[in-house]
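In the block that follows, a single chain appears as structure tokens, in the form predicted alone.
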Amino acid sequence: MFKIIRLTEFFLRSLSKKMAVTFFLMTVLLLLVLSVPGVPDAAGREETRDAYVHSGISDARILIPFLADDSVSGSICSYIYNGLTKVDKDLNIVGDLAESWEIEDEGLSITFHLRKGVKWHDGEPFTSRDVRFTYEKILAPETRCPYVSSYADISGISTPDEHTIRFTYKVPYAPALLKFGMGIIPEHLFEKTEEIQRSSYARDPVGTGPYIFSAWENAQYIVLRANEEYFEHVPFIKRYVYKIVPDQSVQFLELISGNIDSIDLNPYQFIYRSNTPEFKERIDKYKYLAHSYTYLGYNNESPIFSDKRVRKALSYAINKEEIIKTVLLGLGEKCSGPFLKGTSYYNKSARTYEYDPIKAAVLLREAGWYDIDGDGILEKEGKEFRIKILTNQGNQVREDAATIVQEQWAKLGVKVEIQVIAWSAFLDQFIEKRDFQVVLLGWTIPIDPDIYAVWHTSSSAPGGLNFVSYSNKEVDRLIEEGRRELKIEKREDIYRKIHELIAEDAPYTFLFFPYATPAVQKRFQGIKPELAGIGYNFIDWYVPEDEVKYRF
């Protein structure tokens, strides 16, 4: 432990005294957590597997899978829980808790045959009752599940026996198998819980997954330990630690010092700071098009942004190429809609809003915005065009992108203030209350193109993910049609049309698809980049015996 702590010295000198003490104590506390005795294997030997420390800028919010509506919570849940299905390295749907299934009645009935011998982390057996209970909770209105639209067409759930469960649908639902990847929760622990959001298991979860929850210190770290009875196989990495470090520059220093094993590099770090002999000797970095996009979202119920001409004008006034070149350093591609570029659902012919400040100015004049007094700020009905862009703290790419947008909109006569807010406060005080004008955020793109949860009018209700309050009846109709259409060719046509309509309405300015740029310490072996990224086979990662850092 002393050797590891000494590795922090060189970067602690670069921090303020208060920050240095904080991170030093966090490191010592983590090491104490990681040093608890291990669990003997079947032969009675102590395993010498390692720990993996990954860092992010924000904390999790809730560790109940169907309520986890932020990426950190969802990621942590994926280690603790299993769904009935999952995707493999090539994004094909395969079994997880379900060994097999039959689809009957032209998609109106799906019967899953569950694995036998699976146990919850507290030792209780997993059965079909747990699956039924989970989906009944998802469908219950009082749960306010943000993903309920993916299951709303389920008309019945039956359990013929402890290892069989059958779902019947009112109408066919094309993404059904993929959506059954939602994590299952244990009935025996939740059955007496009335307000599931307030359950103690939201912060002390029990699942069937490869890792068992161990500790959670707010805004500091979450620790998971390997499940020694995991049905696939015991993970080779003994501990998974998620360490919250809100500053990306401090994350990088901790990566170099060895206190952190993995981070997502920002573009400057990927291009320049990682291009040193020291970095290359000890750390690997990867690059691939992320399944996500970054956007500016306009509050469509705001007096300013309810006018489509204004939203379109601001989209034309943004030079996406400049953002990609200066902020991403080329590590991204332009985006025009909510589907992944290169897939058959992405409409290359949809409106892209190429940089055109003249067209932007014309649209604003049509909407009644003029610089009447010559002070460089547009006005309408006596009010100046002053708006605020909100984004989350700790994401330098988003902050830098907001700054460029601020400069570009200023040339148009729009006065912009940027406000950077801690993630939890951002969600609680602004997103959930719809108290914003413009947000700069990102979405992960699901494998299936069904976008009901983010783009359907009904999803703008409290707790829904359509927090910009976008509404288009034709888009709603097509979204509903697309999720019920089983023929791939017809679905492709439907979603390309949806792409076209959303682009025309401009509820967002779609900015770019970033490249994923993770960095991982070289001692971790078994990493195989595929379509699914690098984390899909985490339980197969391992550390050679002579490179093990943490022993249990």
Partner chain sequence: MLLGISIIMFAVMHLAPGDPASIRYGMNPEVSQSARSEFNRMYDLDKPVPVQYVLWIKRLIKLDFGRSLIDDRPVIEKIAERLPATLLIQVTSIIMIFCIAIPIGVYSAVRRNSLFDRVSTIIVFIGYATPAFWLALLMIFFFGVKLEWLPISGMSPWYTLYMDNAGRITDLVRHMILPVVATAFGSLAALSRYSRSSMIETMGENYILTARAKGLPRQRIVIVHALRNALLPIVTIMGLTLPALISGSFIIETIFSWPGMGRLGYEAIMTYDYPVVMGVGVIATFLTLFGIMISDILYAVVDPRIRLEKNRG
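Worth saying up front: this structure is predicted, and the values here are computed from it rather than measured. Residue numbers count along the first chain shown, from 1.
Below: the form predicted in complex with its partner chain, not depicted.
- Contact here is defined as any heavy atom lying within 4.5 Å of its partner chain in the predicted bound form, and by that definition not a single one of 86, 93 and 266 is a contact residue.
- Proximity to its partner chain in the predicted bound form, taken as heavy atoms within 4.5 Å, picks out 237-245 from the listed stretches 331-339, 237-245, 346-354, 162-170.
- Contact between residue 492 and its partner chain in the predicted bound form is not found at the 4.5 Å heavy atom cutoff.
- Although the partner is absent from this view, residue 254 contacts its partner chain in the predicted bound form, with a non-hydrogen atom inside 4.5 angstroms.
- Taking the partner from the other structure, its partner chain in the predicted bound form has no heavy atom within 4.5 Å of any heavy atom of residue 49.
- A residue is said to contact a partner when one of its heavy atoms sits within 4.5 Å of a partner heavy atom; residue 115 fails this definition for its partner chain in the predicted bound form, lying far away.
- Checking 79, 135, 467, 385 for any heavy atom within 4.5 Å of its partner chain in the predicted bound form turns up a single hit: 467.
- For the candidate set 203, 188, 477, 287, a heavy atom within 4.5 Å of its partner chain in the predicted bound form is found for exactly one residue, namely 203.
- Annotation for 444-477: interface residues with its partner chain in the predicted bound form are 446, 453, 454, 463, 465, 467 [heavy atom within 4.5 Å].
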